[in-house]
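Only one chain is shown below, in structure tokens, and it's the form predicted on its own.
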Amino acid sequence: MNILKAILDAFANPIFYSLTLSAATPLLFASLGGLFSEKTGVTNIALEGIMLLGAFSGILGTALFGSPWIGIILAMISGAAAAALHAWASINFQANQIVSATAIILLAQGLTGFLLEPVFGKPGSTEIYDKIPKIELKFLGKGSFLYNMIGSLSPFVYLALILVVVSWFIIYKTKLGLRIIAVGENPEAADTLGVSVYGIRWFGVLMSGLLASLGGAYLSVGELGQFTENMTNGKGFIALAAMILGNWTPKGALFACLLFGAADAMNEQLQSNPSLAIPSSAKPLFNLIPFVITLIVVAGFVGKTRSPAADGVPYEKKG
């Protein structure tokens, strides 16, 4: 009964909703990135590695130039570079897309872990640097339920929500979006009509790198002001699950990311609830809650979602 009461208390606490939005934000950036890539027919499971590179580069830029805004720019450059490597291998050379993306994940984990000590002077984590300041909506009334819920959030949160609308508009309301869908469904037909299949796929993969790196930058310069080794902690894979659960649509990805964000927020609320008195030895089990929910939800939707027909299928231009 104590845990049921703790869950009900969490739903009545405005901080739960604030934590949900914060936890959903990096997932949403990466999920939208994966959406652009897979809509063009290129599977990109490298989101985890790209997020990690973005998180590291964000702090590196902040440390070098004293500005987290420059850190964000450096994060996006690193994300685009990693995505370009995946595009070059999987589009131009028709390499196995899963193998190519896995190599990028391993490269990102090894590179960021190795560079921590020579660049920042110690292994494991960096010092704490400046981070992007939060946006304060003081007109909501400081201390009010609404203010505690949405009145003090990172600009990344608002940007992620705006990008959902922008992504929907690009994909479904523009000529570029029609070409993205055509290439992802039937690249041969699109090529016959004069659409550059390689060009559209490069665009999709580069977008995935830019957006996923923003998700990583949020973790370092938007939330903590610090980089810790492997700080993405599987968020790139959860973002992929959110994209699948959302049926490869921006709106669906948003709701799926909010669901996983709520699971993460509930985990935090339960662990911090004094009435439960959770022992330290049990906390790792609670940390598995978001991953367990991810597995259950995705398993429940197997066969009920449909990926683009040419997703994961290399295309070789004839002639």
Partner chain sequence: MPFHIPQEEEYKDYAVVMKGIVKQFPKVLANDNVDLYIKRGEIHAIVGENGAGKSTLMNQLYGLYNADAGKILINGKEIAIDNPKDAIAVGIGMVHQHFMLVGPLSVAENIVLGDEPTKKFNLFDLKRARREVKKISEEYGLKVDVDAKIEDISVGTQQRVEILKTLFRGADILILDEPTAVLTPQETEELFVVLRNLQNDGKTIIFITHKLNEVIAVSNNVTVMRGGKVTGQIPTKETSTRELANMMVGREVLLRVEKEKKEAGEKVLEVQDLKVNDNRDLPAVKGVSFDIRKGEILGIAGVAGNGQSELEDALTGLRKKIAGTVTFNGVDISTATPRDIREAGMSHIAADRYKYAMVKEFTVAYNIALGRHYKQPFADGGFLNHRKINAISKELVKKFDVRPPEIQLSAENLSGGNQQKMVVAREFDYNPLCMVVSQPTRGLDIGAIEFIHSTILDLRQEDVAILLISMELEEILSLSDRILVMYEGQIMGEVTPDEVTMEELGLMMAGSTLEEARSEADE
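Being a predicted model, the structure only gives us computed values, none of them experimental. Residue numbers count along the first chain shown, from 1.
The form predicted in complex with the partner chain is left out here; the points below concern that form.
A heavy atom within 4.5 Å of the partner chain in the predicted complex is found for one listed residue only; from Gly194, Gly143, Pro133, Pro118, this is Gly194. Among Ala103, Ala189, Val166, Leu111, the residue placing a heavy atom within 4.5 Å of the partner chain in the predicted complex is Ala189. Residue heavy atoms within 4.5 Å of the partner chain in the predicted complex occur in exactly one stretch of 212-220, 123-131, 177-185, 229-237, and that stretch is 177-185. Interface residue remark: Arg306 is counted as part of the site for the partner chain in the predicted complex, having a heavy atom within 4.5 Å. Using a 4.5 Å cutoff between non-hydrogen atoms, Lys173 counts as a contact of the partner chain in the predicted complex.
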